[in-house]
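Quick heads-up: it's one chain on its own, the form predicted on its own, in structure tokens.
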């Protein structure tokens, strides 16, 4: 798939709001596609480019002249693209994780791989509302999730005795520039997501999570050995695998399954092809426990279909 096709597919399959029209317009702009093609292959992804233009002060929509601005300011855009990563840290995914975490005997020792700012390392610090059920937990951040099937929604939040995250470039939640980058990764018009991000970052800044810089395959075994002293070790990740090569993905899966841990994966349906799930017409993640699919879920945690 060439770069124009990547942006076309993004427009059709993933983008919402202004980004749908904008991604299609980028795909039809040979001049901008040529600039993107000159970037290293992992840096050509739509979310990274779109956020980088906004971070540098450019417009967010086609109507406001995004493509012209990006081409006119390409050295600035290129600099940000090359130095930043797509680290969308969506606290809402904790609503997808909670019913699966509830199936693991606690206390829990959590290790998130690809943790970014660690917002999904604090599932016990949010308030959850599933359909018309009574809320679970307390706090300034409320995560709402519509359900299908019969998910095992817990009555209380899990007990978490220990937590740490791994990331190639951990995000410092106390740094205003880092927080602004995460905000630029939220699509325009998604004010609820932006506000939720700000609130979750504020919670994290009060008690910053432990984030270890490093490659997962090199760092994970040592953290697992440490975590075992505190409770049942749960290794989990959301939207991590698209950023790994197929070989690195296979090595990571082989490592996780060789360790004495519970493993929760929350990834797009094509990323772990051995997970057999029903076909659907919605863009969905598969949330699985120890390689067994448990639910189809919204990538941002707004709905889940328990299998």
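Residue numbers count along the first chain shown, from 1. Small disclaimer: the values here were computed from a predicted structure and weren't measured.
Beyond the structure shown, there is the form predicted in complex with a small molecule, which is absent from this document and is the topic of what follows.
- When contacts are judged by a 4.5 Å heavy atom cut-off, residue 69 does not count as touching the small molecule in the predicted complex.
- Using a 4.5 angstroms threshold between heavy atoms, residue 216 counts as touching the small molecule in the predicted complex.
- Residue contact with the small molecule in the predicted complex: residue 240 places a heavy atom within 4.5 Å of it.
- Not displayed here, the small molecule is kept clear of residue 179 by more than 4.5 Å at the level of heavy atoms in the predicted complex.
- Residues of just one listed stretch (132 to 140, 166 to 174, 203 to 211, 70 to 78) have heavy atoms within 4.5 Å of the small molecule in the predicted complex: 166 to 174.
- When the small molecule is considered in the predicted complex, only one residue from 101, 235, 145, 120 comes within 4.5 Å through any heavy atom, namely 120.
- Note on contacts: among 158, 188, 114, 151, the single residue with a heavy atom within 4.5 Å of the small molecule in the predicted complex is 114.
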